[in-house]
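Just one chain is shown here, as structure tokens, and it is the form predicted on its own.
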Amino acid sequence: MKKMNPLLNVKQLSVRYATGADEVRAVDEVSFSIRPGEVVGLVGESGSGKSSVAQAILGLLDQHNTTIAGRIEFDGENLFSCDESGWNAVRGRRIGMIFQSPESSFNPVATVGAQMVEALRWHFKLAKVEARQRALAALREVGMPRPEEVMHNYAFELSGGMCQRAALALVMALQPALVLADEPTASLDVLAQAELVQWLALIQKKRGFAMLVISHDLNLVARLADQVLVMHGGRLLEKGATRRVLANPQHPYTEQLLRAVPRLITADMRTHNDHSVKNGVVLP
């Protein structure tokens, strides 16, 4: 079977932030790739550089106080060669982003429906009626209750879980080949987290898009990811198949992350819902 070329190829990425007379090296020569349809988890504690990687991929880093080195290729194209027009064609349409705070995806003074319709019309050159139909279909696809009503709501009128579903629907409506999910469940309660992960897994399997899941939640990564990357202090310390890395970590830092997982499962349990349990993490 022929091996697919990477959809995303990050090569020796380094990101430094200027802080007065000093510099902070947030990302230090990080390299990895994601193939079409593959889900990769990027894990590490807060401040490890995970979000800086995502922002670099989407060209969202402030150019005035940031030094970026390396290369990021998406579908064979060097993203660092894009001008603002090129980035606008990539963001949303080709690479989607699910933010940690769902409200960050929406303008607070425009309704959810108006923003979805505007994005669809801009990227696909659709008539307003067709764009509205696609927006409604996307809301239904993510299991949004009362989608017609939500179209007329502002983001602040929705619960955290509903707002994150609306953000997911906005991403799905644009049909990107790659989705970056930056701590997508961090601001949600436990029930909303479980529901969002279930819908995200189902839609990814149905649509077949590639995804980079950025999280400190190892159970979330175990649920979604085929491969896992472990990051600390701006560097990648370990990478490999999710089951292998989480069941048999090779780096001491990965072991420390696993020891930090709350032990809500008794030590003598060997399986949970037909999945293995190791180091407190439910493995796929």
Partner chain sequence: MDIVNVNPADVKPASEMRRLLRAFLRHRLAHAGLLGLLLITVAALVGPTLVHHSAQTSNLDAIYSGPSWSHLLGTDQLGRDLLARLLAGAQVSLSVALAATIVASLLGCLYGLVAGMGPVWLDRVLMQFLDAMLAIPVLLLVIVSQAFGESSLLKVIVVIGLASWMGTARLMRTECGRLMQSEFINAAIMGGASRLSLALRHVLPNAAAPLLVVVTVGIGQAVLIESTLSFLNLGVPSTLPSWGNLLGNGMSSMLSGAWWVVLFPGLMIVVTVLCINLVGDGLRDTVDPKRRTHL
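No experiment lies behind these values; they were computed from the predicted model shown. Positions refer to the first chain, counted from 1.
Below, we refer to the form predicted in complex with the partner chain, which is not included among the displayed structures.
Although the partner is absent from this view, residue 63 contacts the partner chain in the predicted complex, with a non-hydrogen atom inside 4.5 angstroms. Although the partner is absent from this view, residue 99 contacts the partner chain in the predicted complex, with a non-hydrogen atom inside 4.5 angstroms. Within 4.5 Å of any heavy atom of the partner chain in the predicted complex lies no heavy atom of residue 198. Although the partner is absent here, residue 107 lies within 4.5 Å of the partner chain in the predicted complex, judged by heavy atoms. Candidate site formed by 95, 145 and 156: every one of these residues places a non-hydrogen atom within 4.5 angstroms of the partner chain in the predicted complex. The listed set 126, 186, 192, 119 contains one residue whose heavy atoms approach the partner chain in the predicted complex to within 4.5 Å, identified as 119.
Checked against the partner chain in the predicted complex, the candidates 132, 207, 71, 91 yield a single residue with a heavy atom inside 4.5 Å, and that residue is 91. Residues within 4.5 angstroms of the partner chain in the predicted complex, judged by any non-hydrogen atom, belong to 107-115 and to none of the other stretches in 72-80, 107-115, 209-217, 134-142. If you take 226-262 and check each residue for a heavy atom within 4.5 Å of the partner chain in the predicted complex, you get nothing at all.
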